[in-house]
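Have a look below at one chain only, the form predicted alone, in structure tokens format.
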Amino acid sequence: MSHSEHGPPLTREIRARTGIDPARCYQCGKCTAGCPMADEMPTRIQQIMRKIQQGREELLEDPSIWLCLSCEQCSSRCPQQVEPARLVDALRELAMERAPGTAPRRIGAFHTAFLEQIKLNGRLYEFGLVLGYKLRSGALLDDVESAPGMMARGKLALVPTRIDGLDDVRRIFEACERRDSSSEEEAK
């Protein structure tokens, strides 16, 4: 049995989802040293990496996985090419699968609104993103005073532009939705 087949269930699941062996991390700390959110995260990225290696299931409830900006600074600094940002993404996916609604409301609202705009237009339509986010998050009046200035500077176009390959983008979404549906049926 190879080394990659060993380890706690969470570690094996992360490895299976990403193709990355978390055991390659030797805790050098370069990921945390470069993380712009390190001071905001209760569990810093180096500690998250160690907990993945240990298979610590409480990571799936740790708010730190939702504070990660996915800037990939940690991944670019990793001398072992472990890609901590990719492992955090896998933790998020797993957390949402095991307990839908795990993401803080505003983060889930942003994620849904963002993907909705990509699916509709093939690219980000900022006004649609803001509207979708505000309606889903309940943060209707947050930052409302900045909207006129953004519109005046052309940052919030009222009409979306669509890309030429929109049908291709929609096929990708459909393939992902089919995959997710078949995974859910297999789990039952």
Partner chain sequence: MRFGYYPGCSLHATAREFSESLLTLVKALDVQLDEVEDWACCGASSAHATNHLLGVALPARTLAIAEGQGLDNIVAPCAACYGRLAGAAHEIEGDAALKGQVAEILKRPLGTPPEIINVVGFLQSLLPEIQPRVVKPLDGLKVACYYGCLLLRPHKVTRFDDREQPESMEQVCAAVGATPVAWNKRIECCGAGFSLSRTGSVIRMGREILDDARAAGAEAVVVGCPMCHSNLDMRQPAMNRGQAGAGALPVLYITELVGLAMGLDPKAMGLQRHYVSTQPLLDRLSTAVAVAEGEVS
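Predicted model only: the values in this text are computed from it and were never measured. Residue numbers count along the first chain shown, from 1.
The protein also exists as the form predicted together with the partner chain; that form is not presented, and the subsequent description refers to it.
The shortest heavy atom separation between Pro9 and the partner chain in the predicted bound form exceeds 4.5 Å. Within 4.5 Å of some heavy atom of the partner chain in the predicted bound form lies at least one heavy atom of Glu126. Remark: Lys155 counts among the residues lining the partner chain in the predicted bound form, judged by a heavy atom distance of 4.5 Å or less. Using a 4.5 Å cutoff between non-hydrogen atoms, Leu67 counts as a contact of the partner chain in the predicted bound form.
Shown here without the partner chain, the chain has Trp66, Leu67, Cys68, Leu69, Ser70, Cys71, Glu72, Gln73, Ser76, Arg77, Glu83, Arg86 in 61-86 lying with a heavy atom within 4.5 Å of that partner in the predicted bound form. Cα-Cα spacing of Arg123 to Cys71 is enlarged in the predicted bound form versus the present form (difference of at least 3 Å). If you compare C-alpha positions, Cys71 and Gly165 are 3 angstroms or more farther apart in the predicted bound form than in the form on display.
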